[in-house]
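Considered here are two forms of the same protein chain, supplied as structure tokens in two stand-alone entries, structure 1 and structure 2.
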Structure 1
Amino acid sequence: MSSITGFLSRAWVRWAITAVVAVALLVVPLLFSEYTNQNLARIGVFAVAVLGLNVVMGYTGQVSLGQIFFVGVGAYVTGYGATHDWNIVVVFLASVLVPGVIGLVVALAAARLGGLAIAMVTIALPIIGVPLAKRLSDFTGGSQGLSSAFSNAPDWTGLYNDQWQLYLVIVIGGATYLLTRNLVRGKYGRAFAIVKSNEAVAASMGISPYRYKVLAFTVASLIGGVSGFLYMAVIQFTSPETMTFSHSITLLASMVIGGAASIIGSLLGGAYYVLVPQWSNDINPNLTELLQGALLLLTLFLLPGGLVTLPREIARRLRRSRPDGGPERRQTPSAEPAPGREAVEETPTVGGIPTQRPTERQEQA
């Protein structure tokens, strides 16, 4: 394992892997069918949503059950801007900044709380969001929802709509992943980890827990807005149903199953969010929730760190199964002295008190 890790840590190997992944991402939309491309695009949409949740929960350790609310706000802003012929760049910026501002306002109040108090505040977001979306019908379309087909492929590309939409998800989602990766692997990520571990220790080191909680919540809401923009680009329809609390719980389960505090785990979580409900419906539509709950429990028992830890767990079990991979056995000390050393003679005792053995000169006398 160490040799493999050393090989992968070489600069040219990392660049080669990056080039292969980039070429694969460019080619994939051209190879698969419309159904597969749509599924891949949806996985990318919800992978970004799980990534935002991972920033605030996985990396900073703060409970958030309202991430789906920011996804819904981003989708509504995107739909509204697209139907009113806004410039697409303005639409994207608005879909990211509006959820970010809302997230900042909520964080300024909620970050001073802890534990269940933060959970209660974030639970309120989707609970309030659904009736609010129905009430603001001029903006959201009310219960009928809002549709927009702004992401159809331009004629000059020669691409089908599903291919163009998947490319949008790859480019925008990939950029979001890279920016988030740099954030959590830099000084802010180290501060997040310290706050997650112990807020008192963080404060003693000059790291403000309140400041970094607010930052994490704001970043998560911004990423939720990106996911909302991509949601509208791919699905092209949103309604109050988008922000229901059940979707928020499914998003949380996706993060846990994929792997908390993991960039790759967020991608696996997006795949869970999209594919598992489809598979469970194919098995038995009446047992969808039961099968999803059983899968969640099974993952928690077997892989507490999520699916992202599966390769590490397999490697650990393989090391245990090898004859030379277990703990070293203690060797029974031999009765014969080691080469080059004389046998140590025991000192005689009388009544437990050691007595001095006569020297050779005394014996000759």
Structure 2
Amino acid sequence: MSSITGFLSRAWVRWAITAVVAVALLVVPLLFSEYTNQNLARIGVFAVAVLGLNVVMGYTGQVSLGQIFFVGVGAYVTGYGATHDWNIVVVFLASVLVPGVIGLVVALAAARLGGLAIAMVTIALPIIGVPLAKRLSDFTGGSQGLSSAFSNAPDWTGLYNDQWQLYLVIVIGGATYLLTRNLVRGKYGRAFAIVKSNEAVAASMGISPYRYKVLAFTVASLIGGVSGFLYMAVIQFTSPETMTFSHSITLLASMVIGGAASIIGSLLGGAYYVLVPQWSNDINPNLTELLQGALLLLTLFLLPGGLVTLPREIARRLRRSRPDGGPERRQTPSAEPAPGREAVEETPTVGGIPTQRPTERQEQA
């Protein structure tokens, strides 16, 4: 185990992996069928949405039930701009900034209440959002929804629409992932982590929990806006259905099942959001919600860190079941938290913030 992580942490290995992944991402849209490409693009869209939720919930520890609302707002703004022939850059900026501003206003009020109040306020967003979208029919097309084919492949590329859209998702989603990863690994990420683990300690160190909660929530809604833009680019249609309460809960379940406070976990969450309902609808549509609730509870009971911690969990179980497991484990204490970043972040950062942690994390990056 430790030799693998040692191998993985070498600089050239990391570069090689990055290069392989980048090349794979560039080639993938050209190889697969239209159906697969569309599914992959959808996974990308919701992986970005889950990533946003992860910033506020996974990293900062504030339960938000409203993330889907920002995705919906982003999609609506995109659709409105695209149908009114705005410049695509303006459309993108508006689709990110409008949800961001709404998120900021909501957070400014909600974060004033401590504890679980953010969850209790944000639960209202999708519940108000749906009738509001129906009401503002001049902008949103009411219950009919809004469609826009602005993201069809331009002629000069010679690509099919699904390939072009998948490239859009890869480029924009990938950039969002990189930016978010840098955010949560850096100074802000450490501030988020300490707000999550103990607000009083954070305050005593000059980190205002209120400000960082507002910041995290705003960043989450900005990312939700990006996801909404991509949603419109891939699905080319949005309606009040996009932001219903049940979708909001599915998004939250995806985040927890994928892995809270984890970049890879967010990707897994996006895959969960798209694939599992498809799969359970094939079995029996009436069972979808039941299965989702059961899966979420099972995850919380058996694998609180989400799917992303599954390999580590299995390794731990295997080691424990081996008779000579005890001493071996004692020999390599550092190997235990290393494989996944989450362990580092979940260990209470309160005690020993300054010394080793930053470098440790940068090395892993």
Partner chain sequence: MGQFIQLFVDGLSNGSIYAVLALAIVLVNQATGMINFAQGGMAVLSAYATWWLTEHGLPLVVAILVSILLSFVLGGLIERFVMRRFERGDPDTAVVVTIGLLTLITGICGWLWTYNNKQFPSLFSLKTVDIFGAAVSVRSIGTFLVIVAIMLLLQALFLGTKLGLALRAVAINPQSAAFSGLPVGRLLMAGWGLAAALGAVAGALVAPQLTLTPGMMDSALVYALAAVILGGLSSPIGVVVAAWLIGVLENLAAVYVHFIGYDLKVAVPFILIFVVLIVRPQGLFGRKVVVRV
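Structure 1 provides the reference sequence; residues are numbered from 1 along it. These numbers were taken from a predicted model, which means no experiment stands behind them. Only the largest set of C-alpha atoms that superpose within 1.5 Å between the two forms is called the rigid core.
Chemist: Just one question: which structure is the form predicted alone?
Modeler: Answer is structure 1, the other one does not fit.
Chemist: Core superposed first: is there a CA shift of 2 Å or greater at residue 30 between structure 1 and structure 2?
Modeler: Moves: no, less than 2 Å.
Chemist: Could you state, for a rigid core superposition, the Cα shift of residue 302 between structure 1 and structure 2 in Å?
Modeler: C-alpha shift for residue 302: 2.6 Å.
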